[in-house]
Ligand code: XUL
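What follows is a single chain, given as structure tokens, in the form predicted on its own.
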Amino acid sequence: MSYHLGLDSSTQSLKGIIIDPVTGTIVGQATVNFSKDLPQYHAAYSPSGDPLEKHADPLLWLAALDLLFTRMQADGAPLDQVVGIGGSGQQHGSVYLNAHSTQILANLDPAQNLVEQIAPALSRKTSPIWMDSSTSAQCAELTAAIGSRLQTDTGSPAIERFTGSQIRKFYQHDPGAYADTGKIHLVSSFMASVLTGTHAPIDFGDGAGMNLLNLKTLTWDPAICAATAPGLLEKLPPAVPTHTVIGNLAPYFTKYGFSSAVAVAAWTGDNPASLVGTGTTRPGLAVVSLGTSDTFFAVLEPYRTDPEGYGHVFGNPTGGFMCLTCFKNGSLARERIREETQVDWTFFDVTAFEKTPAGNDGQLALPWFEAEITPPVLTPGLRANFEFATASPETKIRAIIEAQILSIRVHSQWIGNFDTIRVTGGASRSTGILQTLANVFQAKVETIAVQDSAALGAAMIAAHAVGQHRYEALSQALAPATATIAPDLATKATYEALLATYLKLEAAAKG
């Protein structure tokens, strides 16, 4: 048998899925939950105390990789039959390695763990991640230096969480540590570097989330890199297509039962991997991912950018481009409201919607508990057009869910109109949320069997890059629609009216 392994290093966990592309089946999987399994590390915190700053401890991802493979081996997963590995990482996060990192990566000792070996290779002890909104000053400087070309050529205007502004802030605040940095990786290419024992390249999909990759030439833009930080171009790994085979698995990992001949494909970002894992490799089909953040994405033809500047263009792992709009307050906001209302998930996902009418009598609440990125609002806080504190739990729940979905509709219109939307992520199990999504968009909503679409997509990328399997066949076998939710046509007028209410509330909240 020739199996392929997909890994997804996300904000809250590391997941692994092994697929058999011939039979279209999943033959092994495991998860490491960061908060439960590795609480001694930080997955998202503020080193300086600034609430807009969000970093992670990169050693967490190394500890998780060792733990994941230990679990998979103990569970009898067929690691010895894996011939290809692909991966995805939370987008925009960056890892900084010193000049000794090349030698350290090349000489990993199976008798020691990854944390103790790679810790000395870090020139920066923390990694800014996608939740960080602390680089407004650096974004303004890059915009002033480059102008509108920043958006038209990189696919996005200067964005606080994007890697370019984060690198500039690091250079300005700690020039000595920046000078000691030999290579700057994304989470994805860092994990791929550990797997291969050498500095891995950055793929076009994840690289487009840096404000540094020129999407017209698919190379690092020299002028933008120079405006970001001195010598940056030399510190970046090369940019490559996602289907590139970047090397073989490092000998360190044979202790888990892997063959030394396992090939590794270039890692990508979690959103491009999810595009593949949901079977959305053709125009006309959109995806809503209801995860830590909520995202709306689709294949983009032809190339264009969001006139509002909130949406983004990334490389599509299957070729060409994809578009995406991201909303930071996704499941984190839903979890907070559930805890505050003191209800269980059955009430949150089902009962709350049965007890309230579509449109919630015009009552909406914007749950921006974190500084929001779409639209950009740096001051956190819940904004509502009714007395939220005294409302019933079901009213509160519908108020935030309808606001979240209306926001997705408003800020995805630049991408296009879709009659079919596929849904993935943890909240895709909620019947109430799915029906509301169908009603707000007046579109058919499809679910797929595997919620971990990024890990599945990473495995499919490996199967394509290493095993030469066609994406269309992989999608049909591994990511078929399992259920369809039709919109309630009677709610169309209700949500058109509520859309106007939402726009007024958002405008007032943005000030």
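We number the residues from 1 along the sequence you see. Since the structure is predicted, the reported quantities are computational estimates derived from the model, not experimental observations.
Here the subject shifts to the form predicted in complex with this ligand, a form of this protein not shown in this document.
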This ligand contact at H92 in the predicted bound form, heavy atom, 4.5 Å:
yes
Consider S13 of the chain shown here, and say whether it contacts this ligand in the predicted bound form, taking contact as heavy atoms within 4.5 Å.
no
Closest heavy atom of R161 to this ligand in the predicted bound form, within 4.5 Å or not?
yes
At the 4.5 Å heavy atom threshold, is L324 in contact with this ligand in the predicted bound form?
yes
Can you work out which of S428, T295, Q151, Q138 has a heavy atom no more than 4.5 Å from this ligand in the predicted bound form?
T295
Would you mind picking the one in T280, S189, N271, T242 that has a heavy atom within 4.5 Å of this ligand in the predicted bound form?
N271
Of 342 to 350, 418 to 426, 100 to 108, 84 to 92, the segment with heavy atoms within 4.5 Å of this ligand in the predicted bound form is residues 84 to 92
Judged by heavy atom distances of 4.5 Å or less, which residues of 124 to 145 approach this ligand in the predicted bound form?
W130
